[in-house]
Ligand code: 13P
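This document opens with one chain alone, in structure tokens, the form predicted alone.
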């Protein structure tokens, strides 16, 4: 399969009431784990990177590696910028070969968010790149606002989608990024209401540690992309830490050290991909 963008995989997922997993990677091993898992499940997948990695002077090298993995994969793989904070980051991601980008203006006033995202969408579409926007900020657990998460409104979501021309829309239905200190209150009703007035695929941010029954319900209501970073990378980290501790200071080539953590991360992702792909 060739490398793809969102329009190749998300509309069909939405129509079939399933979702494509979008997993944040940070290096070769985590990217490899994503592709390994997707191929093992014979399912499309999205490799994405945190916007802060766009500040690394070697981001073009990371982007080239991601593209190469996607092009060599036996399943459809999109390469995506997660939470891009500026038009400059969007342009850089496109220059680096990403097939999809996100412009996150969710903390801006509504009209400013619309205008900035619209400009990013126009630019991305010139290059055949799809774009995700966000209306209704999804916070980071442990930060201000994470205890009382405002939900996106159907009216604003509909207006935003129409005014910006984005290909996918992230909205707030009660999730937050990272691990929860207490069980989140996910509004399936709000997901249903937004899905009824927005025609494009919706995106669930904050997929880590979110109750799976609630994830299942929002997938049934138009959420065709589910983002997971924390729990996936933590699975890698824990296995790596355990294996290094077991070495007790002895040397083992790094490529060999990375084999089992990569496999553990891929196994964790396989379960998520299977869950997201299970057509209701």
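Positions refer to the first chain, counted from 1. Everything numeric here is computed off the predicted structure, so don't read it as measured data.
This next part talks about the form predicted in complex with ligand 13P, which is not shown.
*in the model of the complex, which of the stretches 199 to 207, 89 to 97, 67 to 75, 112 to 120 has residues with heavy atoms within 4.5 Å of ligand 13P?*
Only one stretch passes the 4.5 Å heavy-atom test: 199 to 207.
*in the model of the complex, which of the listed residues (224, 215, 31, 228) lies with a heavy atom within 4.5 Å of ligand 13P?*
Going through each option in turn, the one that passes is 228.
_Heavy atom within 4.5 Å of ligand 13P in the model of the complex - the one residue of 161, 129, 135, 176 that qualifies_ = None of the other options qualify; the answer is 176.
*Establish, in the model of the complex, whether 152, 172 and 192 all lie within 4.5 Å of ligand 13P, using non-hydrogen atoms for the distance.*
No, the whole trio is out of contact, none within 4.5 Å by any heavy atom.
*Closest heavy atom of residue 167 to ligand 13P in the model of the complex, within 4.5 Å or not?*
No.
*asked:* Need the contact residues for 65 to 102: heavy atom within 4.5 Å of ligand 13P in the model of the complex, sequence order, or none if there are none.
replied: Residues within 4.5 Å: 82, 83.
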